[in-house]
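Consider the single chain below, provided in structure tokens and representing the form predicted on its own.
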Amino acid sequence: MRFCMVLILMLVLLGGCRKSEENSSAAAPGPESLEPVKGDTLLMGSIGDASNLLPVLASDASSSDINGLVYNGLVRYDKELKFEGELAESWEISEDNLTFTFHLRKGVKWHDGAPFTSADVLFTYELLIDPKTPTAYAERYLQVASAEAPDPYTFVVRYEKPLASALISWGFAVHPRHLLEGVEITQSPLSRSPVGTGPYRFAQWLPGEKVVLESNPDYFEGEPNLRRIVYRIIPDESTMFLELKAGGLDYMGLSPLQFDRMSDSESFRKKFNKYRYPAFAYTYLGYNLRNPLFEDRRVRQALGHAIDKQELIEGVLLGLGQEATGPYKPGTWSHNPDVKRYAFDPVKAKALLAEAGWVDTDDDGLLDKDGRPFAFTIVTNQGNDQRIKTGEIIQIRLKDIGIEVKLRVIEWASFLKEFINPGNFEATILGWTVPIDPDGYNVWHSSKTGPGELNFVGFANAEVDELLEKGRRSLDLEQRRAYYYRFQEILAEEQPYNFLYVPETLPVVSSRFRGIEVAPAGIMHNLIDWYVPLGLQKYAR
């Protein structure tokens, strides 16, 4: 979930990126790099394959990363996390905040040469709200009272009630009407061969191997400098790192071990530049609340006390992260720093479990209740060593209090299709990307618990539903803050997830690439401006 699915609010800058000090010399551009030139290929490592290259149907990070280069929305966040136009040149918002009028760029073309117009925007809106479209993103568009395209370059949308995230919701990828109208969306070939308006055109997808994108010479912001982007699917971090060092990759996200210890050499520093900054993400242990094991919140609270978060931060992240206490990034305006915390306390954990009826009645070392031992399986995805190591440590800590845990690691596509989307799991270790706007309706509202929807743990709380509904309607920052602070207090008490940690993002890029600009938005915000000096280019067009 990349998003771009978030909205109007007064942004607090979320802490800028910083380049690893040990590589400061490697990043200094030489005299040959002062004038950007075109050419070369960026080989990027991806743990998971894409699942669907139609944004309306995709909800995984791998697909979203690719779609972000193929498609555009009407608006977006700039490098400082402020609003700017993308396919929209400008817009006006009525005084009552109910009507948005977008003025679209002229001369924009789809990758097949067809002209982009407001009819495409209207079609995308209708596609999102169509009950036949199996999308996780309909909710905010169902709040729209009316939408119209009065001329080819104007799009007008009206709401009955204010929606705080209304503006940035139109950052959703616009889909091509001329290729999708009248087509069953789940059967469209664009799922495997997309056509957008973005800086890169789709070229090839070899499932399980790579996705290839080519620069768009007709892109409205100018053709990108890098001729080709190749996402190489390598479902193992160790193998990916070996490929990086061997020259088979130019970019990947490092694990803490790779960042802190395995890349600490003069030869590596000459070849690569490393960066680190707090991720817009958190990792959690989530429980299937439909499972009787986890119905009692005392059980979930006990598990919170049985897990040593600091041990995870030191042992898994090597200190390159911080404790998570809820669904918002620490330091942002919506994050409540004073919610209930669960200190590592096995004695208290066992006491809470005993209150819930879980005791070791037969002295076999395992807690049991009504003749059933406390045992369950945690599922997580293949290729993410942090999640796997987190699961292994949690497995040990829960065994210490009499709970038997199995850890099952599953290939990403199967993990989503067979376990997460249908709710076929007991517990899972996963992570969410944190949106800039705190509207958590899609993940936490009780109406979003169906198959394929984002509240797949089945959390339902009437007060949370009310708070989320009020939070998304209020345009007053302090009032919104109050709603979301209370929302986090309830999550901290109920523990549908054990919020574990906020990792640091640790990207590494080959030192032959120039034009990389660190900013609060990360380092990928100006990818179209990256370039390689002619003397350093490796790949011919």
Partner chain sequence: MLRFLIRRLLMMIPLMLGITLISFVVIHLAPGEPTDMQTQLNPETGVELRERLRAQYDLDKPLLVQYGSWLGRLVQLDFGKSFSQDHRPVGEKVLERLPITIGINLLSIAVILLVSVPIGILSATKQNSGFDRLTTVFVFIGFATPSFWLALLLMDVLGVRLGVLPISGIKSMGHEYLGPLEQWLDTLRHLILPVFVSAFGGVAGFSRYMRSNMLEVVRQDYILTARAKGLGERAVIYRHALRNALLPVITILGLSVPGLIGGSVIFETIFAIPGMGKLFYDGVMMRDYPLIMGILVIGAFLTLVGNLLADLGYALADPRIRNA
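Small disclaimer: the values here were computed from a predicted structure and weren't measured. Positions refer to the first chain, counted from 1.
This next part talks about the form predicted in complex with its partner chain, which is not shown.
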Contact test in the predicted bound form: Ser59 vs its partner chain, heavy atoms, 4.5 Å: yes
Closest heavy atom of Gln204 to its partner chain in the predicted bound form, within 4.5 Å or not? yes
I'd like to know whether Ala246 contacts its partner chain in the predicted bound form, with contact meaning heavy atoms within 4.5 angstroms. yes
Though only this chain appears here, would Glu139 touch its partner chain in the predicted bound form if you measure heavy atom gaps against 4.5 Å? yes
Tell me the stretch among 73 to 81, 303 to 311, 448 to 456, 317 to 325 that has any heavy atom within 4.5 angstroms of its partner chain in the predicted bound form. 448 to 456
Would you kindly say which of Lys161, Arg192, Lys270, Lys340 lies with a heavy atom within 4.5 Å of its partner chain in the predicted bound form? Arg192
State the residue from Val464, Ile401, Leu285, Ile234 whose non-hydrogen atoms include one within 4.5 Å of its partner chain in the predicted bound form. Ile234
Residues Asn52, Pro131 and Gln187 all lining its partner chain in the predicted bound form, heavy atom within 4.5 Å: yes
Sequence-ordered residues of 205 to 242 touching its partner chain in the predicted bound form, heavy atom within 4.5 Å: Leu206, Pro207, Gly208, Glu209, Lys210, Arg228, Val230, Arg232, Ile233, Ile234, Pro235, Asp236, Ser238, Thr239, Leu242
